[in-house]
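Just one chain is shown here, as structure tokens, and it is the form predicted alone.
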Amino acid sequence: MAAAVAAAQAGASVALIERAPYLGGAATHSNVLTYCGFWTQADPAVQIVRGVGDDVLREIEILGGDATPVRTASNVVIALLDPEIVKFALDRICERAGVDVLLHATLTDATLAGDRIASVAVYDHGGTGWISAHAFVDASGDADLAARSGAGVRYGGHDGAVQNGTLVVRFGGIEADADTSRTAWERAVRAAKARGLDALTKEHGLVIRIPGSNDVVAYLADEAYDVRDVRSHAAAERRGRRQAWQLLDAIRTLPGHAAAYIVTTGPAIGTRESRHVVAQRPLTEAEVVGGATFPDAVAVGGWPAEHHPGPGLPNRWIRIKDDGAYEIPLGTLHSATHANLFAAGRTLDADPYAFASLRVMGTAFATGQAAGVAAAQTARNGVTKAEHVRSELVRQGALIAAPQPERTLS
């Protein structure tokens, strides 16, 4: 969405292909009701994603939501979301930008002209049609466009390992004064496993109340699967739903939880990692956690490296130097094999722990906006230059430089 809006603001004619019936990605389709990566983790936190991402936060507030940053018990800064507000906010922003949003549409194929993508096949209930364009952004999460077009892609890290996914579950019916801390829920899950509930994987994870509703979302149903394999993916969804019902059994034993019920699962399991678009300039862990800067920076990241190695295994966190931020160069967004293909979000190229920071949604707004501008300029000029991308991003209100400690603002 950020790529499409930014490209339109840069003067391009833009189509956004979305297989779901709404925009929003993990926030609306996987129940991930936490925007991570908009702020640094310093105290006070500094907002490092502006531009389109900031437009979304403001639109959420206009519609009655609350996008105020909050610091969790794990000492990270997030915004809590209402998925219905997010859906409507994104609709409104895309409409104002003049983006042609094609919902219920699935990309199935692509054609090439030399080292450039020429067109893509899009399937909907009316059949398959073709869309031609001068430049493309793969923000599919799974690098589907890159894979269909024969671009360089890599599954997971260089050893093929990927982070596990999680089916996020939203629970209602929990009393307002009930203890919903992760430690209380961990005790309940451990006790449930001890009495024979055998589907549960993770005991300790994010459990957080959603303001306004008293509902609780839990990020505990971890699964390992290969998103490229429909049977593997589908089996993980089924196992995740089984976990959700066992979680419900577990928490109903806690004080104030006896009337708990499942509001919703997913709908889709939250995939953290699958394919990456092989880029001209991959990002490394040392650069991310060291707060690296680049002369061709087009986006800023500030979420710690949050790595999920497998179901039930402890997450590993590596915080960024001084709880600050790092810059993301244009080469990390640009395909190494296809001149008019750019990547955004979790399709980006990085080593495992750099990617564990890059993948979150706040940072995806920043890389999406940069990729959209780069694609628009490539469509117009045949090539793109970092200084031109940076200039247009600044015009659009985006941030392209990591804030320095001496000039941070609350």
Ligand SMILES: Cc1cc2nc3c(=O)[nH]c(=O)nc-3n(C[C@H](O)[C@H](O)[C@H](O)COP(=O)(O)OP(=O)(O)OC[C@H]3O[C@@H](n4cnc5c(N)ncnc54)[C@H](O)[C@@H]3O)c2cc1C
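Residue indices: 1-based, along the sequence shown. Since the model is a prediction, treat every value here as computed from it, not as a measurement.
Not on display, but discussed next: the form predicted together with this ligand.
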Could you tell me if T284 has a non-hydrogen atom within 4.5 Å of this ligand in the model of the complex?
-> no
Is there a heavy atom of V300 no more than 4.5 Å from a heavy atom of this ligand in the model of the complex?
-> no
With the partner left out of view, is H388 within 4.5 angstroms of this ligand in the model of the complex by any non-hydrogen atom?
-> no
Find out whether any non-hydrogen atom of A379 is located within 4.5 angstroms of this ligand in the model of the complex, and reply yes or no.
-> no
I251, V153, V99, V168 - the one with a heavy atom within 4.5 Å of this ligand in the model of the complex = V168
Exactly one of A26, V49, A354, L341 comes within 4.5 Å of this ligand in the model of the complex through a heavy atom, and that residue is A26
Hey, of 358-366, 380-388, 50-58, 65-73, which bit sits against this ligand in the model of the complex at 4.5 Å between non-hydrogen atoms?
-> 358-366
Contact test, all of V32, L107 and D144, partner this ligand in the model of the complex, heavy atom 4.5 Å = yes
